[in-house]
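Here's a solo chain for you in structure tokens, the form predicted on its own.
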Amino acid sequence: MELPLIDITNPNTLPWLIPFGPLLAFFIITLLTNRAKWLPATDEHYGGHHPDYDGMDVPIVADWSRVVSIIVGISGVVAALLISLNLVGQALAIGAGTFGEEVFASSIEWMALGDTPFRIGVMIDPLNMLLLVMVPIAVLCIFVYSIGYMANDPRQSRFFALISLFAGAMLTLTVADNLLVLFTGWEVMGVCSYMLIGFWFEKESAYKAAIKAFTVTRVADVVMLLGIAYLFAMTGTLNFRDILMNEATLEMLAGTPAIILGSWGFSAAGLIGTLLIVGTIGKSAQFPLHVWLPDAMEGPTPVSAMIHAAAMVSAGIYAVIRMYPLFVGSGDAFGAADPHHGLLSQPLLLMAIVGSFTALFSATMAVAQNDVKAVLAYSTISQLGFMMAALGIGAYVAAAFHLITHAFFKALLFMASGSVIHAMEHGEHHVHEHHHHALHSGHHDEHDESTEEAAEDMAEEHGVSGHAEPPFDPQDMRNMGGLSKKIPVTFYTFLIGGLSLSGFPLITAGFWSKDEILADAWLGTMEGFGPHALVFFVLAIAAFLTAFYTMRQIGLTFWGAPRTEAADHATLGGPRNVVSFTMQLPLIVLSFFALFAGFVGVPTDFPILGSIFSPDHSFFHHWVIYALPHNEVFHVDAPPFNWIPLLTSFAVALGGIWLGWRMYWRKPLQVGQEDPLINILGRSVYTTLQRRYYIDELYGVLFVAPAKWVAKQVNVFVDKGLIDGFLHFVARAFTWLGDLFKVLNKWLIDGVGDGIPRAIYDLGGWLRGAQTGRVQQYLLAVLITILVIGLFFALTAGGAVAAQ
């Protein structure tokens, strides 16, 4: 419908205001809080120490600017949350079936394209209505958490400005009614991730990670843009409902051979779908474009939570879910692709293979990581693989369900890991200060001696000779241990998030969404569908590894005795400290959703719990299915209850948890002890997993090194040799010409120009000398003149007579 004036009582126009709050907050913070001055990083203003800026002067803003940035940033997100909840309430009052047909939507004409104007607008339907619950809540928790986590950072205002823009871009993508607006939010998020991953750009690793993320995702985005352009060329519109709810358009796309690869059986829909999926593979860090996401941890932890849960990687999966009818209707003719009966189109098959492989591939790398955030990063890649694989086999609702639950428990886990890192840095700072005072007071006790021994051991491990202080990594889980008693709130919330990620049966959100994916895959396996069997067994193994590495992570971090002095003194600053409060409150809120968000999707026929939580139908399935076209291909019932996938979910989750508990909880790691996994896997296999299968090195050899070589050759032969040579020749030629003109100017132009007036001047001077005032001289001059004239006439008269 057309856009009338913004009316807060009109649900069709209200979606425009959802991204408006965070976007406005970005501009206000940017314009009003830019009052920078420079102070040493060791200034008392920052507690005399900041680990990332030692030895540097850093820009800061005034305290009032910090407060303004926090208030403005959070106000924008709260406004988005309130408007979203208002719309969700109105949608629930309408009911799923009716709301699926009469969505909230409005648009405006943007530009004329021939006879058809291109329109942009907003839309709320049963699918993105669920994201309007998840995204604002997760983002608000991240903002509150950032108050404490970034409290000592001199660029806190800049951080809130950028993260507000990030949130606004994700909400723009969520409410978009067409692919172009979605792609706009998609690209703005890419820019935000670049700036936030490289937020601490003084560190080489940070700006390299930012460039890596930007480059890899841009490659995929260009491919995706080709798909968007091709879709517009075929249909004349990019509006979701005009394309996806129009059976004639889908049939046309499915029945038209692709502009390329058409002879290989690719329809236009198949080629467009494949191009769009490549964009998602980059955005959601799927193999082989997964390499940027682990390095993205270089940004502040709230950014990691934003990227991994509430935005960025979620956007990739959401885009596939949003365009799902296009992928299904991309066989030889509409209806030929029916994943629920084993008929997969090319894009669906691509998703099933890439998703299942990525899920297992990333899970194997996660088991050998020692960085507390690296484990979660690979876990995110793996869980996104679960969603991608589910979409490949037609488990549309299950994929959307896992997207929502994963956002809650992964945001919780990342922010809890940030609390761990913050506590470890605090402990390390305490130890550093203690040693400093002890050194100046000359006091040495048994405690100091043990510290020196531990320092020497770490120096030897890190290859530092003598008594040089070894680098301390507050994110290395081998330096932790015993934190359950130091930061108990973080421990219990981390445990809840970890159990949800592991799929702990019945009482966690992660179990219900993951079990539904396995149930869908098993249903296809019973019908003899090959890809479904691949997805079922691969994801089951990945789920087992997920439970194992999660228990390993929690055991190494929280259990046993502290393995370093920093861990022994780790703290968030006390229960009444504002940093501690703001960093722990969001964890408690997200823990609630990590436990209970899954009960909106309990299958109706699930024993006992189904009759309690879903007496008539599964709420989640009942809502999301109405975002699809109303025909037998899409409107399928939830998979019937089956004991085999349920028992498989129980077995892989409990089995992985039990193995992790047995290896890392029953016998906690001691100081100096090697990871027991090394003995089980063998050092070479363990190192291979830890080094990420050397994929980065392989890409370095295959792509980075050749690119550098080409760039060097271009620099040497083309830039310096050809272009610079030509320019230098031109410069020399014009220099010579300039010198020539300079000489001509000096001798000819200046000579003539200056010589004539000088001659006139000299003549004047000579004539002035003739004015002596003596009559005798004047008469003599007259006489001489008469003689000369007379002589001239005499001579010329003689010549004339001779000529006659």
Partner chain sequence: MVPLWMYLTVAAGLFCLGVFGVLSRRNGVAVLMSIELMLNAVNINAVAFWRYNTTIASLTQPAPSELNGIVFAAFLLVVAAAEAAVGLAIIITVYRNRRSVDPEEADTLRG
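Positions refer to the first chain, counted from 1. Between two forms, the rigid core is defined as the largest C-alpha subset superposing within 1.5 Å. Predicted, not measured: the structure shown is a model, and the values here were computed from it.
Here the subject shifts to the form predicted in complex with the partner chain, a form of this protein not shown in this document.
How about residue 779: is it within 4.5 Å of the partner chain in the predicted bound form, going by heavy atoms? Yes, contact at 4.5 Å.
Closest heavy atom of residue 794 to the partner chain in the predicted bound form, within 4.5 Å or not? The answer is no: residue 794 has no heavy atom within 4.5 Å of the partner chain.
Consider residue 788 of the chain shown here, and say whether it contacts the partner chain in the predicted bound form, taking contact as heavy atoms within 4.5 Å. No, residue 788 is distant from the partner.
Contact between residue 735 and the partner chain in the predicted bound form at 4.5 Å, heavy atoms? No - in the predicted bound form, heavy atoms of residue 735 and the partner chain never come within 4.5 Å of each other.
Identify, from the list 768, 746, 758, 37, the residue with a heavy atom within 4.5 Å of the partner chain in the predicted bound form. Going through each option in turn, the one that passes is 768.
For the chain seen here without its partner, which of 22-30, 769-777, 750-758, 65-73 has a heavy atom within 4.5 Å of the partner chain in the predicted bound form? Within 4.5 Å of the partner lies stretch 769-777.
Just checking, between the shown form and the other one and with the core aligned, does residue 27 shift 2 Å or more at the CA? No; that C-alpha moves by less than 2 Å between the shown form and the other one.
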